[in-house]
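Form predicted on its own, single chain, as structure tokens, below.
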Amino acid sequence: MTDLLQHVANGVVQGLFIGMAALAITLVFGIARFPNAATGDMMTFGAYAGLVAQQAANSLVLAGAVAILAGAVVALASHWLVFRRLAGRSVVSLLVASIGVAFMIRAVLGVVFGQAQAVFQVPLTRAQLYWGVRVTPLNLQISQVVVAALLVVFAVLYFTPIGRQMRAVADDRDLARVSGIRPERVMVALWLMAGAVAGLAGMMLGIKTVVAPEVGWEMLLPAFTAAILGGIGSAPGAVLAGLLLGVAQEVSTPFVGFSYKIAIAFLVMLGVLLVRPSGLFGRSESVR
């Protein structure tokens, strides 16, 4: 039982990373209406920006602010330079374009920083026991930062005018335009928010593990799975599904091994698509 609780605790931390990445994906899909495959590399961009800031100023707080800003900037630049120009094209066209953006970001990071792994400088601390479960102060701090960031995002989405406008555009873009909402302004806010979430998620993941050009790409499959499981367009569903998936992956590790736990994400996504394509919190929509 203690080992199971330990895997659950580790899975919650991993699930927070997955949930943040899934949130960035579902925000874009819910409003821009395409799956953004560049989300993982936007996370990597934020992680490297935070790493450079920490090395320069020796401050994790400043590094977090830089990671958020870097993620927001690269996401908005992607919108202005690529996705806005493809508005009205098919979902497949936008998906392929996002894959191209992902490869471009990864290639630039590889040229600038190389392929070697880097780490954030964080103090070493002793794990503490809670009901027999070992929890490190670093994991607690990361979890607190991620939860605080998620609360801010949800507060913006549900309690601010721009958040209401974003949800209106997600429900019916044409009706929102007739009501006086400017979709382009909403799109700018969307990409800034999605990029900021991805940048912070990338830095938190880099603090927990390592920073490398492939770290965000490897998070993409679990993130897409969580977005689908939670219901595309449902922000709370994406976060909850990320937590469930993170716990499922960690609990399965003793049985399938560390290298194959990623297959759990694929099996979950396949099962959801077969049984409930709309996800846990998604809405079924009729098409004429």
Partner chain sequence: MTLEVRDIVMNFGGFRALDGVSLTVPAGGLVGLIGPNGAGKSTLFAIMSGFQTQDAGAVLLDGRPLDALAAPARARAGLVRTFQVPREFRNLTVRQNLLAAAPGQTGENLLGLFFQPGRVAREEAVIARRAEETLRLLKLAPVADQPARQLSGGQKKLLELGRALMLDPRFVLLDEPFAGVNPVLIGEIVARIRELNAAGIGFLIIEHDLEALTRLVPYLAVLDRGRIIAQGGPDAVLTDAAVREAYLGGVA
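Residue numbers count along the first chain shown, from 1. Please read these numbers as outputs of a predicted model, since none were measured by experiment.
Below, we refer to the form predicted together with the partner chain, which is not included among the displayed structures.
Although the partner is absent here, residue 171 is a contact residue: one of its heavy atoms lies within 4.5 angstroms of the partner chain in the predicted complex. The partner chain in the predicted complex comes within 4.5 Å of a heavy atom belonging to residue 176. Contact between residue 208 and the partner chain in the predicted complex is not found at the 4.5 Å heavy atom cutoff. Under a 4.5 angstroms non-hydrogen atom cutoff, the partner chain in the predicted complex has residue 156 among its neighbouring residues. Only one of 110, 132, 100, 161 lies close to the partner chain in the predicted complex, with a heavy atom inside 4.5 Å, and it is 161. Of the listed positions (142, 149, 118, 192), a single one reaches within 4.5 angstroms of the partner chain by any non-hydrogen atom in the predicted complex, namely 192. Only one of 80-88, 101-109, 118-126, 181-189 places residue heavy atoms within 4.5 angstroms of the partner chain in the predicted complex, namely 181-189.
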